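Have a look below at one chain only, the form predicted on its own, in structure tokens format.
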Amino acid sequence: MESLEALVAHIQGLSGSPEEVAHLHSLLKQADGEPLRAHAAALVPFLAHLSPETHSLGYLYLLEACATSGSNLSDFGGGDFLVTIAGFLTACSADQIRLAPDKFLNVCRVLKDQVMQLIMPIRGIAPLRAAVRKIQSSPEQLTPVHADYLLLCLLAKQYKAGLSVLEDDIFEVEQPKDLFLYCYYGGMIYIGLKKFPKALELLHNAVTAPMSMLNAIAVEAYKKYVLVSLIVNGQVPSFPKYTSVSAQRSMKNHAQIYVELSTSYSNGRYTDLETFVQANSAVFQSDNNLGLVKQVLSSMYKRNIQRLTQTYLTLSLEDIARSVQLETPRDAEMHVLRMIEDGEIHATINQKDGMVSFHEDPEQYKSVEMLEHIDSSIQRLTALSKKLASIDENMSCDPAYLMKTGRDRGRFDGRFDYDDYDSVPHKYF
């Protein structure tokens, strides 16, 4: 290997045009490996002579050699070295770092691991958010950095920060594990924001994604999927037909206590559900789901009040409290007011006689705002339909797909199982 001084000189002199960067890349590949990592401690001072923006590719090779050398990062300045990594991820050139994506991902992973060890996940949020955009070839691409970024948002309780990547429409997935973690962590972030319908959508994707064997991420996602389904819909739907065979066969066996919870919930008796939760609280706590289970328990009141709106036009607060097993009419009033405010029921309360009148949905779908919302939804669905048609066309021309379907046609006479197309690794952790 050339001397470090000569290597740095190459980096400084060959970081201009695409042709120069390509030549530099070949030189860096020759110098890469154990010889470069063996000089990790000596590399740090040279970083000060390089610009993260201008010399991104060379900077990345040196930074990755330091970060993955196996040495304690305190040997490189500890917190200062983390600042160096964070500064690089924020400032680097996307075009250059995409020439060495594996090294860029290694650096991102080291940053994530270090801030978690320091119990300071918030320090990694901004750098990893920038890293997601740098490594993506388009906003539709899912990368391994997505899951790490969402994990740090969860640990730091910065749920709104996670929306910056969760609001993108994802169509390109390279590694199945990235999709499972993205949906699982994303669902948890939406739970933290009390946006349960969005959480349900992501958890549903994790549960129904193709898998040749059940994996731990999908099982944990299913547990939360059951709980959020009860909060949003009051019931857990059966698996759709496109769910993989392994999930349909085994998922419930690994979450039996949650299946029993949904059965108890469907009975509509608050005291029975409360007794069940108390008896199994240790299990829910060990799954880190006790807080969500308590929200399920609380939603039982709302669900029972909603059932009353389907039967009665007027009802006293005292009768509501007795029907849904609330302690006082005042508690019933607070629940009804909160549900009216959230748009979950349409009703008015007569304060004089304590009577509640239930009404039909006043929305006539004639307002300008509603028409704009409908138009926006139609446009989005039209764009999605075109995208899916394009994906379907590309798949139908893919040689690997044609070879697979041709081989299976001979074996199964044209009858396929959706699970045959799985390529998910058997083990995740």
Partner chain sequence: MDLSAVQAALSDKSYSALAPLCDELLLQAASKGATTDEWPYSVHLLAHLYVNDLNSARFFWKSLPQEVKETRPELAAVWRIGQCLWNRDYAGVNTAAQGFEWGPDLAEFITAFLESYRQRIFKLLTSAYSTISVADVAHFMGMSEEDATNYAVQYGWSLDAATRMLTVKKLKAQTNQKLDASKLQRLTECVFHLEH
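Bear in mind that the values here come from a model prediction, so they are computed numbers and not experimental data. Residue numbers count along the first chain shown, from 1.
Not pictured, yet referred to below: the form predicted together with its partner chain.
Only one of 235-243, 302-310, 118-126, 99-107 places residue heavy atoms within 4.5 angstroms of its partner chain in the model of the complex, namely 118-126. Of the heavy atoms in residue 253, none are within 4.5 Å of its partner chain in the model of the complex. Residue contact check for residue 276: none of its heavy atoms lie within 4.5 Å of its partner chain in the model of the complex. In the model of the complex, at least one heavy atom of residue 341 sits within 4.5 Å of its partner chain. Contact annotation for residue 159: at least one heavy atom lies within 4.5 Å of its partner chain in the model of the complex.
Contact with its partner chain in the model of the complex, defined as a heavy atom within 4.5 Å, holds for exactly one of 219, 213, 163, 349, namely 349.
In terms of contact with its partner chain in the model of the complex, the residue from 379, 26, 390, 396 that brings a heavy atom within 4.5 Å is 379. Taking a 4.5 Å heavy atom cutoff to its partner chain in the model of the complex, the one contacting residue in 291-330 is 330.
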